[in-house]
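Given next, in structure tokens, is a single chain: the form predicted on its own.
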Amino acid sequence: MFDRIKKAFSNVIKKVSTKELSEKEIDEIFRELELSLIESDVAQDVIEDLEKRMKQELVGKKFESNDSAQIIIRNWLRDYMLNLFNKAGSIDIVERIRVSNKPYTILFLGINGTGKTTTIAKIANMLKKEFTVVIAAGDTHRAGAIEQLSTHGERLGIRVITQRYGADPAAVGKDAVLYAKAHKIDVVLVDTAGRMQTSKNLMDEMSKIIRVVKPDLKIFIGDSLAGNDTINQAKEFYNYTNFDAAILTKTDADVKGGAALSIVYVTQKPIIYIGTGQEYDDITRFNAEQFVDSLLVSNNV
């Protein structure tokens, strides 16, 4: 995974062959690095911030040898990226549910094709090992969406609350919360229509769902393969919904790796899980240190 961004960082580290970094040398390094990072789905805002901070903190830095220079640059890049993730914080869903007033309601946001429905099933499968769970089929727009979620529910042995197509998705979510209260269910997972972030009517509908359902947690589902589209979606969804966290899907096929850095930078919200396959257990809690180290591991310094 993430081969392209690994190569970009590896190249910039190996280019440092001087005993003291000047602003001109950083400019030269960035001429090549910027294109590589853009191709790796790193947002322009991140690239500009990286360049600015590198100049602020490394210009005039003296090194004893080429090897020590490369180690210092590698460690600086590691600290820079970890700082982005640390600013975003972290969320432990399981712990939050344990200490919450039940039912704990989680709303899932995102456009069609990102793997949102499958991700909801994965989260349901994970949570049912400790809690009771009900799912609300709130995507009442896309043909087949209710049946798809209901099939997952049947496979997992989890009740799915549904209404007809065209029904008010806020009402579906509210029904699921009321059902959970009546049956002492711990967790409600609410699906929503996979809407384009440019559709104001659908985004306004999303705002209504949030007002009615009052979720404890709002999670954006982003496709790591969709590049800058995912970053733009995250920005727009965050503006409308102020979501609390993100899950990145399809990371097992992602050769670029920049989406995680970009989403955290532009929203300052944590990535809490990554999808790594199609099976219900193919979801992994996001570990920032492991992720950052994986981007730098190929440098051999």
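Residue positions are given as counts along the sequence shown, with the first one as 1. What you see is a predicted model, and the numbers here were worked out from it, not measured in a lab.
Missing here is the form predicted together with ligand GDP; even so, the following discussion is about that form.
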Interface residue in the predicted complex among Asp252, Glu34, Asp49, Glu236, criterion: non-hydrogen atom within 4.5 angstroms of ligand GDP: Asp252
Work out which of Met206, Val134, Ile111, Ile93 lies within 4.5 Å of ligand GDP in the predicted complex, going by heavy atoms. Ile111
Just to confirm the contact call: exactly one of 159-167, 118-126, 180-188, 79-87 touches ligand GDP in the predicted complex at a 4.5 Å heavy atom cutoff, so which is it? 118-126
Contact test in the predicted complex: Lys102 vs ligand GDP, heavy atoms, 4.5 Å: no
Should Gln148 be classed as touching ligand GDP in the predicted complex when contacts are defined as heavy atoms within 4.5 Å? yes
Taking ligand GDP as it sits in the predicted complex, is Gln278 near enough to touch it, meaning that at least one heavy atom pair lies within 4.5 angstroms? yes
Could you tell me if Arg74 has a non-hydrogen atom within 4.5 Å of ligand GDP in the predicted complex? no
